[in-house]
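Taking the form predicted alone, here's one chain by itself in structure tokens.
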Amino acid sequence: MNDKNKIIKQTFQKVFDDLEVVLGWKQGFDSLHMTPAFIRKASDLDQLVFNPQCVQNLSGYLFSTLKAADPEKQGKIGICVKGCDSRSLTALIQEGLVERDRVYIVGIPCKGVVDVKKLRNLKPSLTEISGITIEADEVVIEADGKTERFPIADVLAHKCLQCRYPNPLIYDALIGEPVTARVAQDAARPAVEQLDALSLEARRNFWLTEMDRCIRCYACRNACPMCVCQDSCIAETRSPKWLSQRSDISEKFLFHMIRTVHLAGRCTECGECMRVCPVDIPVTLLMEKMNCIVKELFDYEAGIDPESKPPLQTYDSSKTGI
């Protein structure tokens, strides 16, 4: 167990009696993957790990975990968060979906996480990985008894290459030293700028082509920490009936446009939607564009300040002239 993993374990040990469950990461089914861990026994805290393979945003499990918790106990949920994850958690608190005093937050500064698909495409022969670290502009991988180095642009997740908040913004305990953001907070988003440079028709064709590959599995919705209304989602509700089960482009496009608007001023760009898409649609790019619009109109970013109110939640139906 490395030093950081030991400190995470020791931190939760101190408060474990007050917690119903700890959400962290543990070794997955092979050496490449980590997986979410739901720790309910103190003896299992040894399973917790943190490394660049801990890609999942655990905030996505928080709402349902709290909902399923024993209402009599009102115990706390312990959770590990990276910088981007902490924004999702903050947004859940902002919307009243999570009570701040029901969570014990262990924040972990993050240099980035690997995109497993990129890594597999780059080096399909990698099998027994014993360690991955990030050093300056390189990802260093120990595997099969060898050390290999890759440029971060080739291996890190899309969200990490333009991460402006690598340090948790909200926490009860911080593990490790803060790290320097890879880009400035007001830095442009290159992928959005590249699309914006296209003509309106070209942009429309780009998205129609991408959306036509959608298989409507709703993995993007299911992985999103802010999509908490799944039981009454417009994709499946029949009263009112917004969408049919037809698999044509108009239905697919409408689903993604409604979801994008639903997340306006709420998306924290954690990238989970794009990570889990089985056909690699760049869903996050839609959210980034929407966030640029929200920033321009309202000077607002989601998940930064737990005390602020998202601008699109200030709608008052009693006002006239809207």
Partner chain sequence: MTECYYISQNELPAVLETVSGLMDVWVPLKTGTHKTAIEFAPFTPGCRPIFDRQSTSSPKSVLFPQSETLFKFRYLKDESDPTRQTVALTDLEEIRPALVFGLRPCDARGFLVFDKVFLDGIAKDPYYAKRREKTVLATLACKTPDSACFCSSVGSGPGDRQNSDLWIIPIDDGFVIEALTEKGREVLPRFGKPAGESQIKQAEKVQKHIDGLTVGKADLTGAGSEFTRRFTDTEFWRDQVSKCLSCGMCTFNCPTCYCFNITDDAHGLEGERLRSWDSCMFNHYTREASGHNPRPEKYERFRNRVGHKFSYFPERYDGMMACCGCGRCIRNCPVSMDIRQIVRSLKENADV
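Residue numbers count along the first chain shown, from 1. This one's a predicted model, so the numbers in the text were calculated from it and none came from an experiment.
Not pictured, yet referred to below: the form predicted together with its partner chain.
- The partner is absent here; in the predicted complex, the one residue of 147, 127, 130, 180 having a heavy atom within 4.5 Å of its partner chain is 127.
- Only one of the listed residues (219, 140, 169, 173) places a non-hydrogen atom within 4.5 angstroms of its partner chain in the predicted complex, and that residue is 219.
- Interface membership of residue 206, defined by any non-hydrogen atom within 4.5 Å of its partner chain in the predicted complex, is confirmed.
- Mapping the unseen interface onto this chain, residue 95 falls outside it, with no heavy atom inside 4.5 Å of its partner chain in the predicted complex.
- In the predicted complex, its partner chain sits within 4.5 Å of a heavy atom belonging to residue 33.
- Proximity of residue 100 to its partner chain in the predicted complex falls outside the 4.5 Å heavy atom cutoff.
- The three residues 223, 238 and 280 all sit with a heavy atom within 4.5 Å of its partner chain in the predicted complex.
- Across the options 131-139, 207-215, 106-114, 76-84, residues that bring heavy atoms within 4.5 Å of its partner chain in the predicted complex belong to 207-215.
- Counting a residue when any of its non-hydrogen atoms is within 4.5 Å of its partner chain in the predicted complex, the hits in 233-249 run 236, 238, 241, 244, 245, 246, 247.
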